[in-house]
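Next comes just one chain, in structure tokens: the form predicted on its own.
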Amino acid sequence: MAYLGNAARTKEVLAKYNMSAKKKFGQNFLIDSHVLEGIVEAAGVTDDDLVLEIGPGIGSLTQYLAEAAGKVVAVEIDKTLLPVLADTLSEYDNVTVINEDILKVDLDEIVSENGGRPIKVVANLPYYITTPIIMKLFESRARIESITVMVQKEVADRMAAGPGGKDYGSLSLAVGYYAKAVTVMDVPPSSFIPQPNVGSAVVNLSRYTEPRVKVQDEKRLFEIVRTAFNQRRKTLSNSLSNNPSLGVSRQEVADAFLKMGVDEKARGEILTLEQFAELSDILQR
């Protein structure tokens, strides 16, 4: 079996099918076998696992996953890649390719069709749609055990950031609500064809069995979080009281801060997830 995790073999396959990477799908093909092996290792894939791969491309990572996993379901939006995948994955009988937009896929159906096994998601994600995909995976409530993804380095930093730093924001809090984020490795542009303009990183999101905090109204919590970081230079009390959809006055926010022991001039980046949950519940009442 000729693995695709190198430049020569990748170029050979692309030439065979007269193909190039499509910008509209954010395609960059991995050509570094060490990175491909590292992703599979970071995901902890074993032969008992059901793996969902998003955007298999020409099958570079899929080959490594198929070697390690019990079953791989690969969701590819670009139908022109289907004959390529049929070719590069022809030796594997444990891979199913679905031609669909991952944002429209019923994840519960994939779980039920594969004996109810929880999913390990592994992907080299298109940078332009990383956050919607991550949030779809979490919000679906499907049985997802972990998510191991290659993303833009800047996004990886935001996912794993804690309070007080410049990278801390609504994505940090949304991810932290559902999972523990650990950056596994940095990946240079030279690991791809074509080379992206930015560095990348592999992040492992290990899902909590229950969300990290309990809150009366999850949607309201995330509305407060989004409002807090929409205009980072504003104080939190200004941002919240100026959002009509929250329906809270400046005085109500000030009273909530007093109850929590938080400075009324505080900005969103100093509050922990637990404090945002407490604030949401106080303002709910």
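All residue numbers are counted from 1 along the displayed sequence. None of the values given here were measured: they were computed from a predicted structure.
Although not depicted, the form predicted in complex with a small molecule is the subject of the following passage.
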Notebook entry, point to check: Looking at 209-217, 138-146, 160-168, 122-130, which one sits within 4.5 Å of the small molecule in the predicted complex if you count heavy atoms only?
Noted result: 122-130
Item checked: in the predicted complex, the residue from Ala43, Leu50, Ala66, Leu30 that sits within 4.5 Å of the small molecule by heavy atoms -> Leu30
Item checked: The single option of Ala179, Val75, Leu89, Val202 touching the small molecule in the predicted complex, heavy atom within 4.5 Å -> Val75
Margin query: Can you tell me if Asp101 lies within 4.5 angstroms of the small molecule in the predicted complex, counting non-hydrogen atoms only?
Written below: yes
Note to self: Against the small molecule in the predicted complex, would Ser60 count as a contact residue? Criterion: heavy atoms within 4.5 Å.
What the structure shows: yes
Next item on the list: Would you check, heavy atoms only and a 4.5 Å threshold, whether Leu81 touches the small molecule in the predicted complex?
Entry: yes
